[in-house]
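Below you will find one chain, with nothing else, as structure tokens; this is the form predicted alone, and questions on how it binds or moves follow later.
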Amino acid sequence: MINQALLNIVSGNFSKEDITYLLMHDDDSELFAAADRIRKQYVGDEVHIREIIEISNYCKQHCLYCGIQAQNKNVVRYRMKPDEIIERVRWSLPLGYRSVVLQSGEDEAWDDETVCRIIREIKAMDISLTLSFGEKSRETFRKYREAGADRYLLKHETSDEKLYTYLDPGMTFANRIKCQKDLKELGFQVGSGIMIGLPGQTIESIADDIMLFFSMDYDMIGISPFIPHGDTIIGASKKGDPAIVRKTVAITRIMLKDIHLPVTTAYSTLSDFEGKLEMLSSGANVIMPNITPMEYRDKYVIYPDKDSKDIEPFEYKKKLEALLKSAGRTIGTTYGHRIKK
């Protein structure tokens, strides 16, 4: 059965039942091998690096799974100054990476004019720029795009609308998808993604997530294990299963072929540094190192014990280069845009 289900998704003649079967099946070697072959064929051996700077942990939302949710009074809040953000990017240029991600909670203190100035000054450094600031109006997205932002990351975490409504009070799945469509129409490369192991999630709903990936044709998809945070009301829940994460990445690679799939920080948190190779051999082709200044890193705690939170960026790059060399992979030297084939 696994051969037939795998053949179906490779050929594009697949069903939700095929995806569900592969997620539940224990013999994954053929699945991972197929994903690795397709990764090599469509996106090559380069691993694209997207540096992350976590610029603010203020957030107006109340997402039940997130440690920086508005109601968590134990968080020490911070917000980097605009010039501090710009200088941090400039400081990182000797690392040689060509792509940076600015990530923030939904912080209402960021006005459009300030963000657009930050975008323009970063883009003047000749690197690609991804923003991850949560839901905004179409007009705000338009301003970001016109200022030069290349990509926008807006994960929906689950496509199960009932579960989404429970986990994200005051938000709607329909509006999240509307924002993603606005971004696509405005010319952004759009990133989305899910968490595996959310309380109440089923294998069937993960299959629905993958079907949504295919229909929306996202440019980058982050697939992470759920890691509970003790300051949330679901903090006593079980962690997500890394094995299901890996299978979901592999199936997604086979179905969408030329997209970007990261080894997420959450996945790396549940393994050792070398665990990244498992994902890189199962379809992943992106790694997202944290270059947030050290004085802020332990405050952006969406989940505890984040991977490599105490490693300086230049030390991290040396470790990463050695790891990739051992697997016959190299660090990408381009902007890391999706090239559709």
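Numbers for residues come from their place in the sequence shown, where the first is 1. The shown structure was predicted, so the numbers you read here are calculated from the model rather than taken from an experiment.
Omitted here: the form predicted together with a small molecule. The next part is about that form.
Leu153 is the sole member of Leu153, Ile206, Ile251, Ala149 with a non-hydrogen atom lying within 4.5 angstroms of the small molecule in the predicted complex.
Proximity to the small molecule in the predicted complex, taken as a non-hydrogen atom within 4.5 angstroms, holds for one residue of Asp160, Glu157, Asp219, Asp182, which is Glu157.
In plain terms, the part of the chain that comes close to the small molecule in the predicted complex, with a heavy atom within 4.5 Å, is 64 to 72 out of 309 to 317, 39 to 47, 281 to 289, 64 to 72. Taking the partner from the other structure, the small molecule in the predicted complex has a heavy atom within 4.5 Å of a heavy atom of Gln103. By the criterion of a heavy atom within 4.5 Å, Ser92 is excluded from the residues contacting the small molecule in the predicted complex.
With a 4.5 Å cutoff on heavy atoms, Ile302 counts as touching the small molecule in the predicted complex. In the predicted complex, the small molecule lies farther than 4.5 Å from every heavy atom of Trp110.
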